[in-house]
Ligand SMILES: NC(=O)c1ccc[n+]([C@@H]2O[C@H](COP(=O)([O-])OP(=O)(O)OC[C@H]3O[C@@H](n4cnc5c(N)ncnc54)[C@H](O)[C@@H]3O)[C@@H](O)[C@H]2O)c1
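Here you get one chain, nothing else, as structure tokens; it is the form predicted alone.
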Amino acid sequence: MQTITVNASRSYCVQIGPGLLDRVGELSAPLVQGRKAAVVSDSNVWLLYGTQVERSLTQAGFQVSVFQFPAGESSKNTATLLELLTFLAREGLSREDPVFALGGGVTGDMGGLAAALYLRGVPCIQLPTTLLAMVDSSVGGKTAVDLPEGKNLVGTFTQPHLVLCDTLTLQTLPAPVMAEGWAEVIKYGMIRSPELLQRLAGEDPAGDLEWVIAHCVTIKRDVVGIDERDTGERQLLNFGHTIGHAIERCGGYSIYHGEGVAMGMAIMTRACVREGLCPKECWTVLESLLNRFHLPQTCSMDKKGLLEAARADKKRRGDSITLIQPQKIGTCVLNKTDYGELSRILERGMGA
């Protein structure tokens, strides 16, 4: 097992290893004073791991209540959030009682936001069960739900009290869900780690998932420690996301988040190579990895629609937007520009 400490507005540990869901109660109890526990989970994940988590919490002295919601991005909205907040109130949780977010990115984002809002903040413990959530969304304190106008437009920066990444849960992931997690892993390599890119190109990149997760979390820890509220360097973590979020929205959230990120990285990298902003090697490495992990590289959606969707991006500052562009293998840079540049990127990068 590996333990990584994140030092932000709240310091907390990210623990990575097999069997951690059996120890949720034991590891959480010393961190919180309350003994009412609300577990938030979607309908798929609860069937797989709900009994296991509930048993561990009960054995540690928690009184457990469960909020389930239909699995999928379509549930990540203000209506479900309000239902969850009402549930917490009806269960009588106090400020000392924790919320446990058991599931993927949707659950972690929504459970974390509910914990941040209820009673102006109760403890939140993240129990990510997907590769994407382990390497990215469960760490760093971003919590949010979607609006019809865009993704993650209602949210806070609120750090969890603990993150437990039980690597055994990855064995039950459907192939497309595992693949979208690899998209986020590739992102970390592209922005800050040639070493990770080399590992991913090796014989069996999935053979040491604990190392992969810990390496990504370490990168995110370092970035969040410098820029917790996403005003500068943390924006590098959004490589592929501005275009990816637009693709998700234009597709009615029918595609996986990681697939959108993969297409966003591909479009941006192709455009930068064609504009002479980075060496061709950036594209050949990215293309090879996207192929290896069965991730999409092209998008046939209407460019005008994507540009309009990108205008709702939460990172917009007035009429400007910060684009994350590859500079060389393992390095990306921030380019504060306008939407005319994004239109040019789409024009140059969407073709195969």
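Numbering starts at 1 and follows the sequence shown. On a predicted model such as this, the values are computed, not experimentally measured, just so you know.
Below: the form predicted together with the named molecule, not depicted.
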None of 163, 132, 265, 190 but one has a heavy atom within 4.5 Å of the named molecule in the model of the complex; the exception is 132
Which of these residues, 250, 154, 177, 85, gets a heavy atom within 4.5 Å of the named molecule in the model of the complex?
177
Looking in the model of the complex, is the named molecule within 4.5 Å of a heavy atom from each of 137, 142 and 169?
yes
Exactly one listed stretch (191-199, 115-123, 101-109, 270-278) reaches within 4.5 angstroms of the named molecule in the model of the complex by non-hydrogen atoms, and it is 101-109
With heavy atoms only and a cut-off of 4.5 Å, decide whether residue 29 touches the named molecule in the model of the complex.
no
Does the named molecule get within 4.5 angstroms of any non-hydrogen atom of residue 289 in the model of the complex?
no
With a cut-off of 4.5 Å between heavy atoms, is residue 210 one of the residues that contacts the named molecule in the model of the complex?
no
Answer yes if any heavy atom of residue 62 is within 4.5 Å of a heavy atom of the named molecule in the model of the complex; otherwise answer no.
no
At 4.5 Å, heavy atom to heavy atom, what parts of 264-283 sit next to the named molecule in the model of the complex? List them in sequence order, or say none.
none
